[in-house]
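In the block that follows, a single chain appears as structure tokens, in the form predicted on its own.
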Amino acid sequence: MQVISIYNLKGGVGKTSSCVNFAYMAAKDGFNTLIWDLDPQGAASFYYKAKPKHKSATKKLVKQSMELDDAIRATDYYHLDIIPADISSRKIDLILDDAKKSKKQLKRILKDLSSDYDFVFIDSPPAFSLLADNIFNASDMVFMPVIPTTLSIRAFQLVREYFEKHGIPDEKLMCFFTMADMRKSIHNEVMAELYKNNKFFEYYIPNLSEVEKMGIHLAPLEVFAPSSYANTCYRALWGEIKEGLLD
């Protein structure tokens, strides 16, 4: 089982749309796939029209007073399940702080799924926190979407510094560009610079309106716009990611 978190310190970078599309493509490729929506905004749950089975499910899972199976919901798509976000996600740092070995709690919980899923995708909230430490610890890979702008570069650098400071293996962190507009010289310049000596995937996601329409259709791109350029880009990026994960 591969645990992949989609994370960025900065919000509004295409984190959730990437998580939703990657998970769907993994499931469509025949892999048993789970999304755990740990962002209190619950956007991934919204896209998949999923509501939690129980109130405070996240709190109960972290405190291990609920079995994982009781929180997992099927989506409309074969091979794809989800643990929806719920209101207790907003207090998860306090809950984790009360737990023994609190930075490893999520890893312990997910271990029980190792025989059930090929991929677990975690949609992460944009913050440095005890939850983020848990996510980094539980993840085999941390995928960071980066908009090719000055502020996004700063967020990228801060995350790398955080990994180094806290002893998180640097090889866990892989990045890809999102919302790239190749008509802008600054985007071209930033991408060219960061491709040098940094771990960025070759394929990137352009700034296209089809991605925004996911919120209208409540579905991944491949469901409502399979022939769109946006979906072609996500499929190419997922192919690159999958090749690296399965080598």
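For clarity, every value in this text was computed on a predicted model and none was experimentally measured. All residue numbers are counted from 1 along the displayed sequence.
Beyond the structure shown, there is the form predicted together with a small molecule, which is absent from this document and is the topic of what follows.
Taking non-hydrogen atoms only, residue 47 approaches the small molecule to within 4.5 angstroms in the predicted complex. The small molecule in the predicted complex comes within 4.5 Å of a heavy atom belonging to residue 205. Contact annotation: residue 189 falls outside 4.5 Å of the small molecule in the predicted complex, judged by heavy atom distances. Interface membership of residue 13, defined by any non-hydrogen atom within 4.5 Å of the small molecule in the predicted complex, is confirmed. Proximity to the small molecule in the predicted complex, defined as a heavy atom within 4.5 Å, holds among 68, 179, 194, 219 only for 179. This chain lacks the partner; the member of 62, 211, 38, 26 within 4.5 angstroms of the small molecule in the predicted complex by a non-hydrogen atom is 211. None of 211-219, 30-38, 48-56, 181-189 except one has non-hydrogen atoms within 4.5 angstroms of the small molecule in the predicted complex; the exception is 211-219.
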